[in-house]
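Given as structure tokens, the chain that follows is alone and in the form predicted alone.
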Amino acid sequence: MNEIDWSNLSFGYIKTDFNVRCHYKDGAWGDLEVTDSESINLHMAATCLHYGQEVFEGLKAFRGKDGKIRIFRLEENAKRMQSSCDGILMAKLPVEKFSEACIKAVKMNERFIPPYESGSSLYIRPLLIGTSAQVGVSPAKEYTFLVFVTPVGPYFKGGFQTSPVAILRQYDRAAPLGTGIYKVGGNYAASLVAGDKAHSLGYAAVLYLDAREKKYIDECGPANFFAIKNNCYITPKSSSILPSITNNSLMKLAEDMGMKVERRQVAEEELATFEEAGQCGTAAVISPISKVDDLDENKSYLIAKDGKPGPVCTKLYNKLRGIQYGDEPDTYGWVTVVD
């Protein structure tokens, strides 16, 4: 492979050696297969292309200072994919097969796992699509599951530093009883126009309000929202929010640091009272928010008064990264060490 500058990786795709696949046909999952092909042979009438039968996950593998490879919260990602499958009527992949495929993909591409000191990681992308040919809205009878990996740097340019986000009321991320709680491609397609507008105006992301009343915070385009106030970790509760595995992990860490954790409706006006706020997810880990501009109401909420990440965000970020890289003890059983 061409020499990779591990310390200056973007969050993008780099070709690796192998990916792992598995097919569902006649009511059963087949054996795992390994290929070096980057292509999928799809029927033009496949349900994933016409009716959006597609779910995916995102997780990471880390190389520790001790040389060991650790995958973060493998089983939780497998379970979330099963939940997404239930949400759009797809054949569920067993947790064991999901885990086996991810571990195999990591092992077979071990030379692409960035070194510890680079601060980068190996991104793991499991994908499940409906492949049988159908015209007419109904679930597929055949499915393809695959896992590919690629080395990545920070999701947001500059890594762990504050960035501004914008409220754009003319866009919704997901309907209250829609697919917002599932990790399906359609949710991300629906966020592209708003995200592009926000980026063109100099913002890192859109902070979506609830679709029903436009009063309460839902989540950012690529990540969950959280805030810190009076030694309390606050994150929105909504039927439209993807259950972030990173957010769940941060809530547990905050609790064990002696903080109160509140998952509840968060009114937009409360932004004025927060000491810190951030976006969190597998890709970004934590991206602290400097300010929130409500462009429709001409309001601005300055959160990071000095423009720097706050002490709680910093502590949570360092603790979570420490567990992922093996610098901190994994007392929660979150890490899978790859032999």
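Don't overthink the numbering: it's just position in the shown sequence, from 1. Computed from a prediction, not measured in an experiment: that's the story for all the values here.
Only in words, not in the display: the form predicted in complex with a small molecule, which the text now covers.
Trainee: Would you mind picking out the stretch of 161 to 169, 103 to 111, 130 to 138, 240 to 248 that comes within 4.5 angstroms of the small molecule in the model of the complex, counting non-hydrogen atoms?
Mentor: Heavy-atom contact with the partner occurs in 240 to 248.
Trainee: For a quick test of understanding: in the model of the complex, does each of Tyr188, Ala223 and Cys280 have a heavy atom within 4.5 Å of the small molecule?
Mentor: Verified in the model of the complex; spot residues all in contact, yes.
Trainee: Out of Lys92, Arg80, Lys97, Lys197, which one falls within 4.5 Å of the small molecule in the model of the complex, going by heavy atoms?
Mentor: Result of the distance check: Arg80.
Trainee: Can you tell me if Glu219 lies within 4.5 angstroms of the small molecule in the model of the complex, counting non-hydrogen atoms only?
Mentor: Output for Glu219 is yes: heavy atoms within 4.5 Å of the small molecule.
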